[in-house]
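Only one chain comes next, encoded as structure tokens, the form predicted on its own.
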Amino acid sequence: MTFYFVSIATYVGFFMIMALALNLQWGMTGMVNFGVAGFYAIGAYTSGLLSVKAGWPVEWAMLAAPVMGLIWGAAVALLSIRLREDFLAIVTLGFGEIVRLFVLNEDWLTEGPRGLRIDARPLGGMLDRDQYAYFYLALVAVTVLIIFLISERIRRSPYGRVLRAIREDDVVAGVLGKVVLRYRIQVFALGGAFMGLGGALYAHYVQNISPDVFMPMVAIFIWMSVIVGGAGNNKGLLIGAGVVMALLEGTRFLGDFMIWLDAEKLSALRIILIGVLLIVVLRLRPRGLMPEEKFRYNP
């Protein structure tokens, strides 16, 4: 049971990384990104392919994942310069699906639906199985801490105030002399880099990645983490990610009490219950469990 909770905590860490990245893009800057799963997949497959097929050391392969996420983040931001809100949401959702369909159909590179097996792991072979679970949890926790500190630094800086100004009204921010396009590209690329890193950590943890993992539902769960925790509040996101994962795992045990339901119906019921609980949370706390702190001017 102990290792089950260690595994769950590790998955919560993956959610936290993705939620922090999405908060930079949407919570602070107002850029809707429903292509979260696509950036997650880019990081996972970049690190996996470089370590498995190109023979790169796993550490270098994992570092290449955020670089690739950054490049694709900047590319998507550039391609959608003039798009806002719902139109940007459609484009990013399409981008995520394009990435998933690419890894599904390019068998020669990604092994397609069979999945890509990744044997390489950081410090693999130096620790036994029990020790490795704790080591990887610590690795993910340190990564979450670093990204959290970077995000908090951005939020509290003049740069973060510009991002919030763009979120509230990009026209006004532009009139005040801010180069809105540059800020949008920078933030979207940085968020993509964090998502790519999250994907690399996930890939070397599960050691077998396949396209069905990177469905749009992943983006929904990350969005839930941000909304429940409180958009714009990095601390709230950490709580939101934990709540969403608790809901996902807690409903997994419904099968023990509802033995008359088959796996398909049980899966549908889990999604329904998660949606209902999300509505309840939003009804009681419309700005999330920890709303964004109001800006205080300190001359």
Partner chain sequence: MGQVLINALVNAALIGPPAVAFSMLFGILRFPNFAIGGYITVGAFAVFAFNVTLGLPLVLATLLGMAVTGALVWLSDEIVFKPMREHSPITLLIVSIALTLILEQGVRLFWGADVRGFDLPLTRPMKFAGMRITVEQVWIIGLALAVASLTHAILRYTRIGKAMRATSDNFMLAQVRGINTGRVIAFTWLYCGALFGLTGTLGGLDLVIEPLLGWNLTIPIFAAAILGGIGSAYGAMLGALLVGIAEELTVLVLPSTYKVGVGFIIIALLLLLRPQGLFGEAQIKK
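This structure is a prediction, so every number in the text was calculated from the model and none was measured. Residue numbers count along the first chain shown, from 1.
The same protein also has a form predicted together with its partner chain, omitted here; what follows describes it.
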If we define contact as a non-hydrogen atom of the residue within 4.5 angstroms of the partner, is Leu109 a contact of its partner chain in the model of the complex? no
Non-hydrogen atom contact Leu278 with its partner chain in the model of the complex at 4.5 angstroms: yes
Does Leu79 make contact with its partner chain in the model of the complex, using a 4.5 Å heavy atom cut-off? yes
Within 4.5 Å, heavy atoms only: does Phe102 come near its partner chain in the model of the complex? yes
Answer option from Leu93, Leu139, Ala120, Ala74, heavy atom within 4.5 Å of its partner chain in the model of the complex: Leu93
Heavy atoms within 4.5 Å of its partner chain in the model of the complex: which stretch in 44 to 52, 261 to 269, 59 to 67, 232 to 240 meets that? 261 to 269
Thinking of Leu83, Ala89 and Ile220 as the candidate spot, does its partner chain come within 4.5 Å of a heavy atom on all of them in the model of the complex? yes
Pick out the residues of 1 to 32 whose heavy atoms come within 4.5 Å of its partner chain in the model of the complex. Trp26, Val32
